[in-house]
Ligand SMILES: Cc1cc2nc3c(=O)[nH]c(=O)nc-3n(C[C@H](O)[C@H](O)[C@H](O)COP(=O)(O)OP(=O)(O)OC[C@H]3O[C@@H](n4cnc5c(N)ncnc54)[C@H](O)[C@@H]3O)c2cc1C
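In the block that follows, a single chain appears as structure tokens, in the form predicted on its own.
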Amino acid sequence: MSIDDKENEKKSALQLSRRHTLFGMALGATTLAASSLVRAATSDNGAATLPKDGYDVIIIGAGMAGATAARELGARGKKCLVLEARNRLGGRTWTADIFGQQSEVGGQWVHWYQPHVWAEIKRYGLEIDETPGANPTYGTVLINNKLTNIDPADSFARLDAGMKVFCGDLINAFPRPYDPGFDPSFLKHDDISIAQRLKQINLDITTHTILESFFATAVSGSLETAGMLDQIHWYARADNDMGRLLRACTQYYIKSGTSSLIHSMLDESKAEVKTSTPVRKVEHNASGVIVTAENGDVFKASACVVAMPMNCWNDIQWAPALLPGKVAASKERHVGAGFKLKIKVKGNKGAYQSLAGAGHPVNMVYTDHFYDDHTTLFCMGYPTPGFDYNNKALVLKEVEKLLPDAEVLDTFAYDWTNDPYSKGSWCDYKVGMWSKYGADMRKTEGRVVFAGSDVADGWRGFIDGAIETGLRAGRVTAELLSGKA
């Protein structure tokens, strides 16, 4: 890492930790320094330092999928170069300092129901901690703009009952949730949105609102465009049990931060890592791959792993062109277009959870941590017409609907949709996207293998899904290099 890179890192970290609202940020900053092995392998971003014989594999993206692929290929003795567009590692995971404490700005929650990430947690001896709001002691729900108290146990029971009605005859559509292609007959139902399905079923208004709140938070976008099947798939991954699903999605996180897992993987990989190196062009043929960075540096390898969000695939020039399904999917983008908002309020609020249905830009507020003198809370949602998450007054007005009479001391928000290297939050497929583009999105093209949580078969949109695809990419790429593929 160059002196300039270190100075930029320090400045970015200081900007991130300032005690004021940060809205509309486009790029993240490194907040946990890379370990010595990654630091030693990371080159300055000036003249290219391409070895005479090039690399075995170039990996585009240093998120969970890219780090996993690098680790797997390194274990097979392959010489890898990881190119990361941002000035930090982690992709859509990002451990940062917020309100003076270590927090996750991106992907966060993990669980033993998620086999790939749990195996990594055990592999590296990482500890987990719990989010208090996942087990609230009291809660509320906003119905017809009136905030009503609700027992969390009643809320969870209604959510599970409502989900079973929502799934209906499709509750067993995924007999093998980690192998959805085992019975592809579910794809004939890929033309129904969540909003359409909600109109087809009869639920009391409280249950309906609670279910809407869950879906709006889960897809991080409009229920009008979000496909019904993805949420049925979520439910199947938790054995059709909402309690298990909520625990997998909201309760446990890596105590040392997601960054610690990224760095552990890249340490083990022995890969060379270049940050602040966006890729402009990828050319490939039967003999290898040529990758050109935006700064003009050119890198050569025998194969390439693309571990970047699907929304950004079209930002690269491809020769030959990508398959039509990949191009169309990247152009259309997935549903996830939300933000992650955290607030710090005065006083000890305990383990609290509040819910609001579709149409509200903040659909859920729940406790992150509580102390004697203050509480930090997550606010999950997505921009709705007339709502500007850059406008602090509007944000506080919406939060107050779910957390009335709270004295807000500080706020923090990150806009993943305007981040040029993600262009969205976690992945949830739009109506028809699974059936129209799913096959093309997962295909290897020549010597270019695709990875990333957006193309996972299991926990798509989660850390576990990213690791799943990184493992797959490592295996497939090794087979390509050995001539077995």
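A residue's number is simply how far along the shown sequence it sits, counting from 1. Since the structure is predicted, the reported quantities are computational estimates derived from the model, not experimental observations.
Although it is not shown, the form predicted together with the named molecule is what the next lines describe.
If you check the named molecule in the predicted bound form, you find a heavy atom from every one of 92, 106 and 466 within 4.5 Å. Though the partner is left out of this view, residue 209 does not reach within 4.5 Å of the named molecule in the predicted bound form, counting heavy atoms only. Using a 4.5 Å cutoff between non-hydrogen atoms, residue 84 counts as a contact of the named molecule in the predicted bound form. Contact check for residue 55: every heavy atom lies farther than 4.5 Å from the named molecule in the predicted bound form. Under a 4.5 angstroms non-hydrogen atom cutoff, the named molecule in the predicted bound form has residue 278 among its neighbouring residues. Residues within 4.5 angstroms of the named molecule in the predicted bound form, judged by any non-hydrogen atom, belong to 307-315 and to none of the other stretches in 346-354, 178-186, 142-150, 307-315.
Checked against the named molecule in the predicted bound form, the residues 402, 249, 226, 377 give one hit for a heavy atom within 4.5 Å, which is 249. Of the residues in 401-431, those that come within 4.5 Å of the named molecule in the predicted bound form through at least one heavy atom are, in sequence order, 416, 421, 425, 426.
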